[in-house]
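Just the one chain here, laid out as C-alpha cells, in the form predicted on its own.
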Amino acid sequence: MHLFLIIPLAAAFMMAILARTGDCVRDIISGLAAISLAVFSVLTLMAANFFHSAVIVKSFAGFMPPAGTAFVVDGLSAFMLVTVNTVALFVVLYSAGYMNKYTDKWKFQSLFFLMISGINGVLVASDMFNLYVFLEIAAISAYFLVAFGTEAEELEASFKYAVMGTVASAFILLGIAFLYSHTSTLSLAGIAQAIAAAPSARIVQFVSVLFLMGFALKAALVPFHAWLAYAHSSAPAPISAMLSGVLIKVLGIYAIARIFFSVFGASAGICQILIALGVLSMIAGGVLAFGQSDIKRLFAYSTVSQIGYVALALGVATPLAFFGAVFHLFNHSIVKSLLFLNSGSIEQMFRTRDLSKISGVVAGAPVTGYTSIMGAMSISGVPPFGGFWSKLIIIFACLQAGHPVLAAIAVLVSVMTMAYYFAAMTPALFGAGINSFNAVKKVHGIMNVSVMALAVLALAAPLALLPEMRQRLIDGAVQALVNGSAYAATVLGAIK
C-alpha cells in the first residue's frame, strides 16, 4: 500500500528534477508511473476481495498503532483505488499530447502526481490526521492546477475554488478537533469504538453537521456546489477530467461514506439528509445544465446532478442501493472523464467552448465525435451503456425500500439529462462542420487513444454485473458499506 504514495510522490519529484530534459522523457516516466499505479490498484482489489471484504492493514515504518500509524484497505477503498488510478492513467496519456501547448509542462506533471498521491492517501488513511493531511495535499494541488493557464478566468476560478475549499477544510478540521476532545484518539477504528459506546452524545451530532458541510462542499452537492462550474470549466481539460471524475468523489463522497457508515454508524437522520442533498443535487444540477452554451459548464452541472444519484443511493442505505451507488460512481468517473477530455479536443479544434460556434465535430474528428456520443448516451442512461444499468439499479433500490417518489424523481432527472445533452450537443456534433481538415490535424494521436479506451470501458461496464465479475470487482465495496459497523473490530483485530 505504500506504493500508492511512493510512486506518485517519486514521479512528482522526478518531474521537477528532469525539468530541463525533453518532454518525451518525462512523458515516458509519467506513463510508467501511471501504469504501475493502475496495475497495483487492480492487484490490491483482487487481494481485498480474496479476503472476502476483510481489511488489509500495513504498518508505516514498521510501527503499528498506537505507537505508529497504518494504512488500511478494505473492499470500498480498493475499488476506489482502481477507479482513481484507471482514470489517472488515461488522463496522463491524454495530457502527453494536450499539454504541449503550455509552457513548463513539468510543473503540471509534478502537481498532477502530487494530487494523485493525496487522493490515494485519503483512500488508505486509517486515522483522521492522515486523512486530513492527504485531503489537503490533493486539494491544494488542484487549486494550482485549475489556475495552470494563468489567464484571468482561470485565476478567478482557482481563487473561488480555493476559498470554498478552505471553508470546507475549516469545517472538517474543526470537526476533527472536537472529535479528538471527545474520544482522545484520531484512529478511525478507535473513534468508531468510542462513538459506539455513546452514540447519542451531543458533540457527535455537532461534529456530524460539521463533517456533512465540509465533505458536501468537497463533493459539490447542492447547496454547496457554487465553486464547481467555475473550476471545472476554467481548468485545463485533463484537470477538469480529474476533478469531476475522481477528486470530488474521493474527497467528498468516499469521505462521507467512510466516516458516516464505517465510523459514526449511519443514523436515520443522516440518511434522510443524504437523500435530501441527493435529490436537490439531481434536480438543481439538471436545471442549471439546460441552456448552457459553454460545453465544460454543461458537463460541470451534469456532474452535480449525477453525484446526486450517488448521494441518494447512499441515503437509501440498502444493499441494492449501495450496489447502485458504487456502480454509478464508477460509471460516472469513466464517462465524465471521457467527456471532459473530449471537450479539450473540441476546444483545441475550434478555439472556443461556446457550443453555438462549434459544428461538425463528427465529420471533422470522428474519434472525438463518436466517443462524445457514447459518453453522452451513457451519462443519460441509454442502454446498453453502464450508466443505464447503474441508474436502473438505483431506481429499483428506491422502489424496494418503499420510496416510489424518489424512484420517479430519478427517472425524470434521467430523462432531463437526455434532453439537455441532446439539445446542446446534437448541432455541435452533427452540424455542417467548419475547418474539418484542420480540426483533424489538431487532435494528437495519443489523445484519441485515451478517449477510445475510456469509451470502451463505458461500453464494457455492464459486464461487471455478471456474477463472477461482480464478485471480483464490486461486492467487496458493497459489503464494506453494508457491514460498516464491523469496520472498527476488523481493523483493530488485524492490528493485533
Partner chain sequence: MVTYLLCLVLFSVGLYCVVRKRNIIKIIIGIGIMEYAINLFFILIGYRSNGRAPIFADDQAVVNMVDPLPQAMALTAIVISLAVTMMLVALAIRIYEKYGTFDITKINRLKG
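None of the values given here were measured: they were computed from a predicted structure. Numbering follows the first chain given and starts at 1.
In what follows, reference is made to the form predicted in complex with the partner chain, a form of this protein that is not presented.
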| item | value |
| --- | --- |
| The partner chain contact at Glu156 in the predicted bound form, heavy atom, 4.5 Å | yes |
| The partner chain contact at Tyr421 in the predicted bound form, heavy atom, 4.5 Å | no |
| Contact of Phe129 with the partner chain in the predicted bound form (heavy atom, 4.5 Å) | yes |
| 4.5 Å heavy atom contact, Ala170 to the partner chain in the predicted bound form | yes |
| The unique member of Tyr370, Phe388, Phe396, Tyr143 whose heavy atoms fall within 4.5 Å of the partner chain in the predicted bound form | Tyr143 |
| Residue among Asn120, Ser337, Ser234, Gln306 with a heavy atom within 4.5 Å of the partner chain in the predicted bound form | Ser234 |
| Tyr254, Ser262 and Ala276 all contacting the partner chain in the predicted bound form, non-hydrogen atom within 4.5 Å | no |
| Which of 226 to 234, 309 to 317, 408 to 416, 84 to 92 lines the interface with the partner chain in the predicted bound form (heavy atom within 4.5 Å) | 226 to 234 |
| Partner contacts in the predicted bound form for 300 to 315 (non-hydrogen atom within 4.5 angstroms of the partner chain) | Tyr301 |
